[in-house]
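Shown next as structure tokens: one chain only, the form predicted on its own.
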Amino acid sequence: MDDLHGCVLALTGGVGGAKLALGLADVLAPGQLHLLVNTSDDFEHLGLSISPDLDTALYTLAGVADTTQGWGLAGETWNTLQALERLGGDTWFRLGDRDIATHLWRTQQLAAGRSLSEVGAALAQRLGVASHIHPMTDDRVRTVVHTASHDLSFQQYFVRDRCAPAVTGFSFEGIASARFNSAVGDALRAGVFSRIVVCPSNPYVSVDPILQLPDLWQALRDSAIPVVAVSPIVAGMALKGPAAKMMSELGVPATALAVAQHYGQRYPGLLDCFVIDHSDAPLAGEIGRLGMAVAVTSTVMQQRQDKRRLARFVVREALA
């Protein structure tokens, strides 16, 4: 394990970011990893409070995630959903039998007055996760996907409509009054973190809602802690999710350079280093001219050892 004499704060969304999060959890000492997780794609479905990115992080670090599907629990059964379908219920969002237990428990705890942070910490403890999994905020923020004809909630766009509508932009309902996670804010002020990592999650719908919480990105920038981001785009493709499709529809080239430009323009001075794949090495010069260091390595994470290797790179070598 890599003793950094401090903890690592990683900003992450769903599956793509959770891969690197798992690598970080593997190479750091127990309890050294803090995840700040997007909650803008949380939603209420069938009366349940569902937090897809939080659960992806939780299940991944607990070793119980369905790695084939990329979401949910391994070895899941679907009896409840099948019975609901026979009754004519709403089944477009796939909820497995054991996964439903998580949502039932979360919904019950939130209704009893516990915060999303408290509920997440309790779930992590019950699943034996030593890392700290923090929701980005305990306040309600929801991603709105704008298309030429109408607006959609994120889960309607992502799951129900399978990312088919062409997007024209995104907004985050409730973000102007939301407060970023207080435990993370306290840790920043206390100098707990040795490095901040922006995982290779979708910059528009996973990372932006975290960084756009009032005062958050400025607090990260002004902390003097090195901030390293890993590109989610490799050789013009998003390894997970619709990021490349979204970029094309927004008139942005689907390149690692365009991601670096997005972060550099929207959050000036935040990134100290941008990590790109070997296949994108020719872009290093242009990225460097944006005012950030560039580190080149293999960023494709197919096996567990790939996740660990990239994790070691971002916490030990990217700014060496």
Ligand code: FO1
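Note that the coordinates shown come from a computational prediction; the quantities given were computed from them, not determined experimentally. One rule holds for the numbers: they count along the sequence shown, beginning at 1.
Form predicted together with this ligand: not shown, discussed below.
Between 92-100, 244-252, 220-228, 118-126, the stretch whose residues reach within 4.5 angstroms of this ligand in the model of the complex through a non-hydrogen atom is 92-100. Among residues of the shown chain, residue 14 is one whose heavy atoms approach this ligand to within 4.5 Å in the model of the complex. In the model of the complex, this ligand stays beyond 4.5 Å of every heavy atom belonging to residue 234. Within 4.5 Å of some heavy atom of this ligand in the model of the complex lies at least one heavy atom of residue 158. Interface membership of residue 71, defined by any non-hydrogen atom within 4.5 Å of this ligand in the model of the complex, is confirmed. Proximity to this ligand in the model of the complex, defined as a heavy atom within 4.5 Å, singles out one entry of 154, 105, 172, 204, which is 154. Taking a 4.5 Å heavy atom cutoff to this ligand in the model of the complex, the contacting residues in 38-66 are 41, 52, 53, 55.
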